[in-house]
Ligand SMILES: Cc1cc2nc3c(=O)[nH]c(=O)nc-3n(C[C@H](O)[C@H](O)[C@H](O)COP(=O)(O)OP(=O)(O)OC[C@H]3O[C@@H](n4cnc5c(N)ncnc54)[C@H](O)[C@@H]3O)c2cc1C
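Here we start with a single chain on its own, the form predicted alone, put down as structure tokens.
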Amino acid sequence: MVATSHFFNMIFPSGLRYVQDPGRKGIEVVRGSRPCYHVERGGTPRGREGESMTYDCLVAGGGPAGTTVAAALARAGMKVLVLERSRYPRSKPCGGGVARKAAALFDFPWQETIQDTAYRVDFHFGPDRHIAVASREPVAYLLMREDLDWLLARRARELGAEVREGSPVTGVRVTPEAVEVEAEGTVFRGTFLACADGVGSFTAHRTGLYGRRRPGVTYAAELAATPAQTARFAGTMLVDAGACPGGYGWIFPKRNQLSVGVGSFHRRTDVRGALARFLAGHGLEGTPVRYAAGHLLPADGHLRRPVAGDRVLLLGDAATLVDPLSGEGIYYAVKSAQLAAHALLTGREPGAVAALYQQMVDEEIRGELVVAGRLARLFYAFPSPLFALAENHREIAVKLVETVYGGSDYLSVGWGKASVRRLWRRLAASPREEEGSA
């Protein structure tokens, strides 16, 4: 019993006592004088008041993908547990732009989180070269990610999902009968596991679905801007294709601050130094920084790869479902979560659920990202000549805005193989045209 008690003292939180219960052949977990869990040998923790620690679906990660799938399943009557490693509101420096096509996926009131609405995109190549694209409809809704994430988590709770904050997943085991996930020293059992724990996805690693990946890197900050600075950028998303190799810089206005950053699909890029140069080029050097951090960026969205296994589904960043041209991920996080919920509510057997989800992702998401990948290879190989081409053919920039942020996708707008080949031909011809016109 000493060895067994020592083991449970290692895996359960401090402040609990562990008492042998011979009659039930297990360990009684006690907080103060109140029993809270009983753990049977070879079994799964169960609540003392009849609360089962078994769920229809476990969700690792409480970002947009995780809370969206949890809300959909809970609304349909499933018992769902979300395990989120941080606590809300959780800071996440990023652009904080919800594209119009992503906003169309939300089926509940979320507009309270909006701090500004962009009707214009200013494309730059350095501070001097500039293409402005204006739209009658909103291009994107600008907000703070901590506000959106908290709202989505609150909605999942209201619909019946259990959301545990400060609960990082530390272990995963898939059996023929269930998935067992360890968090906070407790083992939870689920029929399925939805992995929505980001680009580094611990759960994808543990379930053998991570594979080979080559992520990019970003460095983002929130600037305490003056009223004059926020007014200067109000209603506009600034995107600078000359900020760094293999990526771009951004300035997105919020209510009393600016969300800025540099992201590159080339992991060796010095994005921190690139951000300092980018801000200086746009007159923002010396602006106080409220918060800054770097993180990895999925760069393999255009590669076809498994996103499902036995009882396990990968969502959003964990499945590398991110636009390889723009780095936009909220749309694909929410879209993949909706597809996962459909598969889980439709399929009867684990194999059927996995096959259905894989098929839907390949047909409704991955095919579009393959096209985006072709464009990304072209744009990031020749950024300056392509910017010059867009300066002379403004419809290219308009088409990009409609595709990345608007209501269209890469396929419906016409970015097929033939269109990319035409861009290559224009690119090859443009230097001769410029020389001839000079």
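Since the structure is predicted, the reported quantities are computational estimates derived from the model, not experimental observations. Residue numbers here begin at 1 and follow the sequence given.
Below: the form predicted in complex with the ligand, not depicted.
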Tell me the stretch among 326-334, 349-357, 301-309, 69-77 that has any heavy atom within 4.5 angstroms of the ligand in the model of the complex. 326-334
Residue contact check: S264 to the ligand in the model of the complex, 4.5 Å heavy atom: no
Wondering, does L83 line up within 4.5 Å of the ligand in the model of the complex on heavy atoms? yes
Should R366 be counted as a contact of the ligand in the model of the complex, where contact means heavy atoms within 4.5 Å? no
Does A243 make contact with the ligand in the model of the complex, using a 4.5 Å heavy atom cut-off? no
Report yes if all three of P64, R145 and A220 come within 4.5 Å of the ligand in the model of the complex by some heavy atom, otherwise no. yes
Name the residue from F188, F123, F202, F233 that puts a heavy atom within 4.5 Å of the ligand in the model of the complex. F202
In the model of the complex, which of the listed residues (V322, I251, A341, A153) lies with a heavy atom within 4.5 Å of the ligand? V322
In sequence order, which positions of 80-119 have a non-hydrogen atom within 4.5 Å of the ligand in the model of the complex? L83, E84, R85, S86, R90, K92, P93, C94, G95, G96, G97
